[in-house]
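One chain comes next, on its own, written as structure tokens: the form predicted on its own.
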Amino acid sequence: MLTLTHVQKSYSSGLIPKKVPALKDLNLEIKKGEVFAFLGPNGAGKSTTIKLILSVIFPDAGEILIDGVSHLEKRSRQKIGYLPDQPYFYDYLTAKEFMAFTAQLYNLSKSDYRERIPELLKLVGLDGKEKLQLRKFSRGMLQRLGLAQTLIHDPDLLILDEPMTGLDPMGRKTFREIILSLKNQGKTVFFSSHILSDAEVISDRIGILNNGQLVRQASMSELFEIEVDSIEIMCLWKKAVPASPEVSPWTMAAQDHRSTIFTKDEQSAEEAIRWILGNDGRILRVKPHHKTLEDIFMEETKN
């Protein structure tokens, strides 16, 4: 649905203009119908990437395709629904009036949007608020209204810039559920975020950007299959807990006739299991601990 190939962008900075790279040879491929989280610290180049996709600014080099069509062509941009990180609303319009105004910007006829507006407001949980002025909306309600207006022309690709920033836990949960419902409708969702726990829950794949370079791109299943942090073995002893060998590739916490052993890899876990069974111990549980998305993010962006 979205392809960026060898995309580069630099800005001029300083009294004596000097080129500062914002993106360095960025390659991305977003599949149709997936939720892709675009992650990175402040200044990594996420907003620059989004502006390039939207043709607000233009790349120094590289190619951007939207459903196989150049991002410079009008028909490709018609497939996009965009929610900026700080959307602007006209305070004295009602939700219905604001949605109608947005529909007219897309040249939709009144007959096209008359039925669509109530459907979208219901989708984002704002049914019953059609006649309420936006100055009376909470931050979470405005954010959901912003998402509704991105959908007014039924786009195939949604680009959401920090969509959950400033929302309370309930608002974030609601927003996550809406994004997953859009995915079930076949929409492609590309969003940037600093809230890694939300990205971990709803994303099919993630890309981590640091200093203008893509340092990691993987599916969530690939990340958590590969990134095993430790293996926990819980066991029960018939008698007192035996002392660990003087040199052992594990650590052990013991209490009464139970103990928990932590190892770093499968080989060490197998060695620990043999030691437990050889000392009349019984295995209660073997549980691998995977790194969280936050662990992986911190490793990839620490430099």
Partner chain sequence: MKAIWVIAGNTFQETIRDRVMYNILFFAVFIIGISLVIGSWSLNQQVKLVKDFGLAAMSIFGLLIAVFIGIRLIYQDIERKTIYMLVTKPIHRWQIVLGKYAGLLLTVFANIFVMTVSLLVVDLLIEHHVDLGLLPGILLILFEIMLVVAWALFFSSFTSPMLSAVLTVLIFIAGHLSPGLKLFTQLHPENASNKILLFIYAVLPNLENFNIKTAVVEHLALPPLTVPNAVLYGIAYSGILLIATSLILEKRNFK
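Numbering follows the first chain given and starts at 1. Note that the structure is a prediction, hence the values are computed from the model and not measured. Note that the rigid core is defined as the largest set of C-alphas that superpose within 1.5 Å between two forms.
Missing here is the form predicted in complex with the partner chain; even so, the following discussion is about that form.
Although the partner is absent here, Lys51 lies within 4.5 Å of the partner chain in the predicted complex, judged by heavy atoms. Looking at Arg77, you'd find a heavy atom of it within 4.5 angstroms of the partner chain in the predicted complex.
Contact check for Ser193: every heavy atom lies farther than 4.5 Å from the partner chain in the predicted complex. Taking the partner from elsewhere, Gln104 is found to have a heavy atom lying within 4.5 Å of the partner chain in the predicted complex. Note on contacts: among Val56, Ala243, Ala253, Ala240, the single residue with a heavy atom within 4.5 Å of the partner chain in the predicted complex is Val56.
Residue-level contacts in the predicted complex: of Thr165, Ser181, Gln217, Gln133, one residue has a heavy atom within 4.5 Å of the partner chain, and it is Gln133. The candidate stretches are 96 to 104, 169 to 177, 198 to 206, 120 to 128, and the one lying within 4.5 Å of the partner chain in the predicted complex by heavy atoms is 96 to 104.
Each of Lys9, Leu108 and Gln149 comes within 4.5 Å of the partner chain in the predicted complex, counting any heavy atom.
If you fit the rigid core between this form and the one not shown, you'll see the Cα of Met99 move by 2 angstroms or more. Once the cores line up, the CA of Leu132 ends up 2 angstroms or more apart between this form and the one not shown.
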